[in-house]
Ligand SMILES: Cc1ncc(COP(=O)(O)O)c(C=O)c1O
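One chain is shown next in structure tokens, namely the form predicted alone.
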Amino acid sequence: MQTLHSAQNLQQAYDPEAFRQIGHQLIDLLADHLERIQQPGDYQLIHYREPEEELAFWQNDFASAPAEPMDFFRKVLDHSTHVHHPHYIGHQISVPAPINALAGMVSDILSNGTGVYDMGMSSNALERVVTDFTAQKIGYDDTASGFLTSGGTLANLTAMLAARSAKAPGQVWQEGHDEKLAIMVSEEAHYCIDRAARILGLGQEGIVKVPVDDQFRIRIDLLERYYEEAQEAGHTVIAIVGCAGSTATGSYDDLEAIADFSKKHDLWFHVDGAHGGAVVFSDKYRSLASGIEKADTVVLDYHKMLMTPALNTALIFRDGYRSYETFQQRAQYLWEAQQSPEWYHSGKRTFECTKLMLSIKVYATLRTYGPQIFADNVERLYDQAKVFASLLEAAPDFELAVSPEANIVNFRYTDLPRESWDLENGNIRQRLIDDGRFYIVQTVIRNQKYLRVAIMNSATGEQHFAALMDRIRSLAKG
């Protein structure tokens, strides 16, 4: 009987008609969800629970008898943060175009990895189209090449491995390195650059952190000094990283000047454009990243401002052949020659072998709405940051940390005793989360706490910013 029951259970799990019925119900549920939160009223975007409470809920759910899948999906919606809500202005996560959810469904049903061509024919070809298009927007010529990978952290690490392969003395991949290697970064660079350097064995001293100016851009006037100090300490500097834009404020380094510096010293020039690199799709804001086309490698997250679900990141090489030099292992059961430049075997160039069909989501948006959709989204988000900054500057009870270059705005409420600004702004942020009507984050700038907003939703506008300011005033007064 057990064998019969198991067979029936497996048959039900793969039954096309059952899938059809559940799928229709799920699409209706999600469409209703999107419709409701896009006209939210007092609809909360988060129902915050303490971690142990949330864990207990799902432990109890797991211990219960199997139930209809729609019951589970409804619970997930109720216990999640709703990024499509116009009051979601928190972490740098995109508001995915719904077409991406459908593309993801196709990808999940097919489950075609992209490590080798015959396991991912369409996905490898789509990836080539998407990365060629991105390389063109960066300003590279047709010798450029790239691939998609699972997030900016992995992409930045791969870029640093490429820098080591290209610039470190000797055959590092086969023999390791005895030299004390180093990379130069802004002190405002994302923590994943620091992490990548440590993974490469550079250690803390191998991460040369250059101070920033009052706009949080790497100080070009200090590059020579820090380079010379690293050399005097016995380090071989192999790379310099430019930010487009920086983690806390979204500020753009002077990439033109960094390019000149890297050329002078024969360094690998890498641009971490995970967030702000998206301006390459916009004629209006493209100048913020002037010089990005001179970089050896560029990282760009589609899952930040380009309407794509996480994780989905491009790593583009100006000289495409370099992308095949980073990993040089043999895998006879996958391909015969590791170093031959076969774009259709993505496993040759990435950490990942069985990689998700990432390209289908980016391509679905571009194919459905046209390439202009990326520019429209970036420009809307950046424009609205300026609107919010203007409201804050005009308000006597708020202070703007720095005029925003991107869609990131840092500010604090100041109608409080000066000595309590840090404590109370942190408290205000937690009250906002507990209240559930807005989702924002916080950061530390110049050793002081600020509230931080990343405008990720094209539906977010002036009325929502004004409502946030009013809500902060109300919560601050208890």
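Quick note: we count residues from 1 along the sequence shown, nothing fancier. Please read all numbers here as calculations on a predicted model, not as lab measurements.
What comes next is about the form predicted in complex with the named molecule, which is not displayed.
Of the candidate stretches 301-309, 108-116, 354-362, 74-82, only 301-309 has residues whose heavy atoms lie within 4.5 Å of the named molecule in the predicted bound form. A heavy atom within 4.5 Å of the named molecule in the predicted bound form is found for exactly one of T350, S145, T153, Q384: T153. Just one of V402, A395, C192, L161 comes within 4.5 Å of the named molecule in the predicted bound form, counting any heavy atom, and that one is C192.
With a 4.5 Å cutoff on heavy atoms, D272 counts as touching the named molecule in the predicted bound form. Contact between G245 and the named molecule in the predicted bound form is found at the 4.5 Å heavy atom cutoff. Among residues of the shown chain, Q92 is one whose heavy atoms approach the named molecule to within 4.5 Å in the predicted bound form.
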